[in-house]
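Let's start with one chain on its own, the form predicted on its own, as structure tokens.
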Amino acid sequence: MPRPAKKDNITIRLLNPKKSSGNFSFPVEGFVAAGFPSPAGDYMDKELDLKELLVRNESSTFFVQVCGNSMVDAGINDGDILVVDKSLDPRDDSILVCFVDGEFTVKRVSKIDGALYLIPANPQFKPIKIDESADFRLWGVVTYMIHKFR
């Protein structure tokens, strides 16, 4: 399959959680129902530690900022921050940050008829088949996304 015509790289802006200072804990005000309201939401009394929530393996977790729109149908937009864990093994359908032929990219991985593909979530981009001739390195598995609404 041909490579995407559009430039589709991501800019990596590393934020090392170990060097972060300050408090990442916030009070949790309760649950919000995306379906039916939950009566248990009134009894929530807890602190939310964003580092504890977002970082499973501190030494192998990085934050990257997305530049591009090849994953918009997966809800990943230009400017979003991805939490990437380099220690995790990818599964079929995982969203990965990869280094392919000199550029970083974020895509969903899929095995089709025994071949490995990086699948964009935007019909304007074509899947990337990973074969032996590709300079391919898995950089990490996306575990969370931080999306700004306004």
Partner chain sequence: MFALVDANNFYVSCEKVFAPWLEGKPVVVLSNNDGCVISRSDEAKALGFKMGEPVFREKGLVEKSGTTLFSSNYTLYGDLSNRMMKLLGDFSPEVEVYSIDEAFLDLRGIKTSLQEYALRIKDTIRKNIGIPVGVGIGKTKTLAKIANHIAKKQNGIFIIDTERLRDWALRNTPVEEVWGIGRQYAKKLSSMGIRSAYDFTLLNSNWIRKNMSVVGLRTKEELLGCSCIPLEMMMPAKKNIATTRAFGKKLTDIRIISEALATHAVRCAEKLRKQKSNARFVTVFIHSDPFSANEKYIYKTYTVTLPVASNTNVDIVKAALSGLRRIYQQGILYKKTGVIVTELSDESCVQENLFEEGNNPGLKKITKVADLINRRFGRDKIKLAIQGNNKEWKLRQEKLSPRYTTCWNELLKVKA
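Numbering follows the first chain given and starts at 1. Bear in mind the structure is a predicted one, so any value in this text is a computation, not a measurement.
Omitted here: the form predicted together with its partner chain. The next part is about that form.
May I ask you to check whether Tyr117 falls inside a 4.5 Å heavy atom distance of its partner chain in the predicted complex? Flag for Tyr117 set to no.
Using 4.5 Å between non-hydrogen atoms, is Glu47 touching its partner chain in the predicted complex? So Glu47 does not count as contacting its partner chain.
Would you please decide whether Gln124 lies within 4.5 angstroms of its partner chain in the predicted complex, comparing each non-hydrogen atom pair? Taking the distances in the predicted complex, the answer for Gln124 is no, it never comes within 4.5 Å of its partner chain.
Given that its partner chain is not shown alongside this chain, does Ile81 nevertheless sit within 4.5 Å of it in the predicted complex, heavy atom to heavy atom? Taking the distances in the predicted complex, the answer for Ile81 is yes, it comes within 4.5 Å of its partner chain.
For a quick check, can you give me the residues of 83-100 that have a heavy atom within 4.5 Å of its partner chain in the predicted complex? In sequence order, Lys86, Ser87, Leu88, Asp89, Val97, Phe99 come within 4.5 Å of the partner.
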